[in-house]
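Form predicted alone, single chain, as structure tokens, below.
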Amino acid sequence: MRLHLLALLAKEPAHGYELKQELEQTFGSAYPSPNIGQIYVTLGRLEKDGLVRAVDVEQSNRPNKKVYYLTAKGRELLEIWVDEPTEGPRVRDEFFMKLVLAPLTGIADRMALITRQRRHYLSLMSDLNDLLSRTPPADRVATLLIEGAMLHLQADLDWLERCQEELA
């Protein structure tokens, strides 16, 4: 969440609740609603690390609020994050480790592991289909995020099929 908040602060200074609203508006229903406590804890750490600075703003009928500004150090970190490629395929897949190692110990059967994992992926796919059906067509960001997750899940299901063919 650190870098997501820095990106929003690069656009304009904001306080924690504005950042929460911006995340929700930008990503829609596809992005889990961030916990406001987590946002403020993260902002505190960013401030401690010199990536943002906070300014107390007086309000007449309310407690003062802290508005956060991106620092030069924060902008530099954000630019590095944007310029770096995102992690690609995972070679150390946790499920694959279970699939190979658990049968060696006698703890589990490969077909049972594959079946359980397939059910889990199909349940996740069903949840994503439901989420997609409730997402307004005009919410392109949320739609793309959901569709991307569905494509990754479909690839995982295809890979499970291959594992079953080769290992079971």
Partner chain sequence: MTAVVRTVNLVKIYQDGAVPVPAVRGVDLQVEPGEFVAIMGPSGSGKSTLVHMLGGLDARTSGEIWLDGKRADTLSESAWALLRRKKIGFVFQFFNLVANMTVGDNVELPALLAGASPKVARNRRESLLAALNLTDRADAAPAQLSGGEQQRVALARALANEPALLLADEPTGNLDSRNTRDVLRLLGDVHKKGQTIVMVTHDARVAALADRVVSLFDGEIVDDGRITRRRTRTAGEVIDLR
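Positions refer to the first chain, counted from 1. The shown structure was predicted, so the numbers you read here are calculated from the model rather than taken from an experiment. Think of the rigid core as the biggest set of C-alphas that the two forms share within 1.5 Å after superposition.
FYI, the form predicted together with the partner chain isn't displayed, but the following is about it.
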Considering only heavy atoms, tell me if Asn64 and the partner chain come within 4.5 Å of each other in the model of the complex. no
So, in the model of the complex, is Ala10 in contact with the partner chain at a 4.5 angstroms heavy atom limit? no
In the model of the complex, does Arg119 come within 4.5 Å of the partner chain, counting heavy atoms only? yes
Evaluate Tyr69 for contact with the partner chain in the model of the complex, applying a 4.5 angstroms cut-off between non-hydrogen atoms, and reply yes or no. no
Heavy atom of each of Leu5, Glu24 and Ser60 within 4.5 Å of the partner chain in the model of the complex: no
If you apply a 4.5 angstroms heavy atom cut-off, which residues in 117-136 are near the partner chain in the model of the complex? Arg118, Arg119, Leu122, Ser123, Leu124, Met125, Ser126, Asp127, Leu128, Asn129, Asp130, Leu131, Leu132, Arg134
After a rigid core superposition, would you say the CA of Cys163 moves by 2 angstroms or more between this form and the one not shown, or not? yes
Relative to the superposed rigid core, does the CA atom of Arg53 travel 2 Å or more between this form and the one not shown? no
Rigid core superposed: Ala14 CA moves 2 Å or more between this form and the one not shown: no
